[in-house]
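For reference, the chain that follows is the form predicted alone, supplied as C-alpha cells.
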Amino acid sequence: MANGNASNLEIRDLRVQIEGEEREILKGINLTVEAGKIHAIMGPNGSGKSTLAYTLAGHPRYEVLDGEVLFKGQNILELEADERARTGLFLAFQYPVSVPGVSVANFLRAAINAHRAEEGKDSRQTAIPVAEFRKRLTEQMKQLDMAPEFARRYLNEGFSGGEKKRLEVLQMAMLQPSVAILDETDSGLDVDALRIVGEGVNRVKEQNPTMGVLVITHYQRLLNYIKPDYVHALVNGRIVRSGGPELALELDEIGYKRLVEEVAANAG
C-alpha cells in the first residue's frame, strides 16, 4: 500500500512500553496510513490501540524501544508533541481533558495561529484575521449541530461525552490536518451523537480530500458512518490481519475472543 509519498504516515517496526514498566505493549507495528485514505484499527481491550495513538502523538509516558515513524521527510518520534502537531498530525482523544478558564473559541484561534506561524516570521503576519476565524468557526459549528454559545464555554468543562467528541471533530475541521488519528471517538456516544460525529468526520474529509485518517475503535458501528479503505486487526501488540471494509464486519461477527484464540493457535 505504501507508495513513497512523504505525506503518508509510515510506521516501521514500532516497539513501545509504558515508562517504568518492563512489559512491551507494541511489539513491532508496521503500518502505512496513506494520504487521502481511511485506515481503521480494531482490536480487543488491552491490545495496544490507545498506546499506538498516544505514542504517535508524543505522550511522554510511552517509551519507544525501537522503530521509527516517518512523516513529511522526518522521523516524528524525534519531535516534541507540539512539533508533531505543527507538522499536520492531529489526535482526537478518547478522553479529552478540561481546561477551565480557556474558551473554546480562544483555544481554537490559538491552535490555528500556532499552525500558521512560520519560523522566523512575525506572528502578526501569520495570525488568522478575527473576521475570517469567526466565519469559519460559525460555519463548522453549525454543521456539527453546535449552539453559538458553545464557543464561549470553557474547554470541555462540564461537557457531555457527545459534546467532547464533537469538539474534537470541530478542532479537526478548523485545523485541517494532514493526518487525523481518532482514538475510540465512538466511546460513550449514543446513536444520535455517533451519527453527528461520524458525519462530521466525513465532512472534514470531503473538505480536505488528501487527509489521511486512522480510526482506532473497538466496535464496528463507527465504521458504518466512517467508511474505511483498509481495516487492520491488532492483537497483543501486533497487527495480525489486514483487509478491506469486509474485515470489520467479519471481526464484528466472530468476536475478538475467537480471533485471539486463532492468533494463539497459529503462534503455537
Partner chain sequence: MQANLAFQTLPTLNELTPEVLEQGRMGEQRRAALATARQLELPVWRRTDLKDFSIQNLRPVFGSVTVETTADAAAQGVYVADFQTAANEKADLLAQYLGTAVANDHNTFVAYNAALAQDGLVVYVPRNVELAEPIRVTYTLPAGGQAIFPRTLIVTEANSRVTVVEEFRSADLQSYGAVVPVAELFANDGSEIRFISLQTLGQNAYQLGAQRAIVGRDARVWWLAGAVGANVQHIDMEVALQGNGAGLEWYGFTFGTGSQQLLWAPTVKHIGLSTEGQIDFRSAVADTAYVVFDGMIDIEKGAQGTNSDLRDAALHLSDKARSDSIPGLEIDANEVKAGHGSTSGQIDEEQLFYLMARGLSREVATQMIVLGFFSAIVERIPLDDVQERVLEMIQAKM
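Since the structure is predicted, the reported quantities are computational estimates derived from the model, not experimental observations. Positions refer to the first chain, counted from 1.
As for the form predicted together with the partner chain, it is not shown, yet the points below apply to it.
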In the predicted bound form, does A57 have a heavy atom within 4.5 Å of the partner chain?
yes
Even though the partner isn't displayed, in the predicted bound form is R86 close enough to the partner chain, meaning a heavy atom within 4.5 Å?
yes
Just to confirm, F90 within 4.5 Å of the partner chain in the predicted bound form by heavy atoms?
yes
Heavy atom of S98 within 4.5 Å of the partner chain in the predicted bound form
yes
Stretch from 132 to 140, 148 to 156, 67 to 75, 193 to 201 whose residues place a heavy atom within 4.5 Å of the partner chain in the predicted bound form
148 to 156
From the list S187, T126, S160, N106, which entry has a heavy atom within 4.5 Å of the partner chain in the predicted bound form?
N106
Mind listing which residues of 73 to 88 have a heavy atom within 4.5 Å of the partner chain in the predicted bound form?
E80, A81, D82, A85, R86
